[in-house]
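Okay, so here's just one chain, in structure tokens, the form predicted alone.
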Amino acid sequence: MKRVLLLLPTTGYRNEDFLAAAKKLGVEIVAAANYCHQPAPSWGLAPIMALHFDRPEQAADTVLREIGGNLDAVLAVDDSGVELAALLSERLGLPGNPAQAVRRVRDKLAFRQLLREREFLCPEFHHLPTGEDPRKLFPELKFPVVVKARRLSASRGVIRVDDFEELMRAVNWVRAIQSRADRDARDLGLIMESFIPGSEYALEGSLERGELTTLALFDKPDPMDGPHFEETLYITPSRLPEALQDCIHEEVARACRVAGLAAGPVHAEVRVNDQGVWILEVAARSIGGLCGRVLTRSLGMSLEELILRQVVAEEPLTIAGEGGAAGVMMIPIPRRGIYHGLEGLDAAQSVSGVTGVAITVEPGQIIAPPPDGATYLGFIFARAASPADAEMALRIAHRRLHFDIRPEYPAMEAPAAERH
């Protein structure tokens, strides 16, 4: 039986999907997680269940000290664990990407520097160190500008600004977001880059011995022009001309090569305009949230099963799925507040073409849209004869959902004496 160390984030959407895929394949899973580190010993948790994913060197030492028996692979469920997975694979002599390559593509500044050096289409960008006054960069900036945290994901800490006043507010805002989300924030600073106009697309792929296979190319039909960049609709197959789809594949494959990525899942975000294909990011992981479920029919298996098969199989994978179009909506959060419930779930699920609605937020949970938040209300899935039909089904279903989101701090009516 193959044995895989699986890095499970405590807030991950896909933990159960990976565990189900492992059970189906007869793969033994050794679980490691980043549960709360202080109470963990009193809960009786093993040391590998209280790892600091954001301290890969320290966490790798703990795993190597505590793990028993041989491993066939190390996998991270999401972005938070990919550096640790790569480092452990290196130290154990297992297949995987070099830790340096994974670290480079996670860092938005380092990745932009790489793209510029290798002559990809690349926006003008500047590094703003922590504590430095952004006004020193004013003479060099061309608006609109996008202010970004260095290594957050899911549109967290990303804001478009159109003038100097907005820029000052955005810098303070993104610095606050990054300081809460990344304990290395003081060492990282921010990146500011020129806004790239155009339509956005996402490529889901798989690398094997450095060769990229495109599993799906997703259209993002909703405009992604800011000021915040919340993901909503992913529709596949893409409606782009085949030649342009091939160009996106080649640019993503080239970016993987120059970054040093050679194995495992890849999720890439690109923009396309009259100048060509602009790489926004290439991540050494698969698509986030529950979005991977939209590919089950086209792959002939779950995306998690495909990823596990790739790391334990002795022969190249063959994909034999069904045709047709599919789509997923990451249900957007309209405003910050406390989620209390929803109406219209049955009505949404009854829409022709909708194959499921998964509500992932819990009553009583504080929620926030980007750039502060990094979660969704849930996911709507659809299959149809055409991409346009899949998109329409998702939009109709979404309109039937009504969420009860209340303020965190209810307004208090002033006492009668104070009103006079």
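In this text, residue numbers run from 1 along the sequence as written. Quantities reported herein were computed from a predicted structural model and do not represent experimental measurements.
Not pictured, yet referred to below: the form predicted in complex with a small molecule.
Listed residue that, although the small molecule is not shown, lies within 4.5 Å of it in the predicted complex (heavy atoms), from 281, 90, 132, 250:
Comparing distances to the small molecule in the predicted complex, the residue within 4.5 Å is 281.
Can you work out which of 167, 272, 216, 152 has a heavy atom no more than 4.5 Å from the small molecule in the predicted complex?
Of 167, 272, 216, 152, the residue with a heavy atom within 4.5 Å of the small molecule in the predicted complex is 152.
Sort through 173-181, 242-250, 343-351, 223-231 and report the only stretch with a non-hydrogen atom within 4.5 Å of the small molecule in the predicted complex.
Of the stretches listed, the one contacting the partner is 223-231.
Three-residue site 108, 146 and 196 fully in contact with the small molecule in the predicted complex at 4.5 Å by heavy atom:
Looking in the predicted complex, the three residues 108, 146 and 196 all sit within 4.5 Å of the small molecule (heavy atoms).
Partner proximity in the predicted complex: residue 103 to the small molecule, non-hydrogen atom cutoff 4.5 Å:
No, residue 103 sits far enough from the small molecule in the predicted complex that none of its heavy atoms falls within 4.5 Å.
Contact of residue 200 with the small molecule in the predicted complex (heavy atom, 4.5 Å):
Judged by the heavy-atom cut-off of 4.5 Å, residue 200 is in contact with the small molecule in the predicted complex.
Taking 4.5 angstroms as the cut-off for heavy atoms, does residue 156 touch the small molecule in the predicted complex?
Yes, residue 156 is a contact residue.
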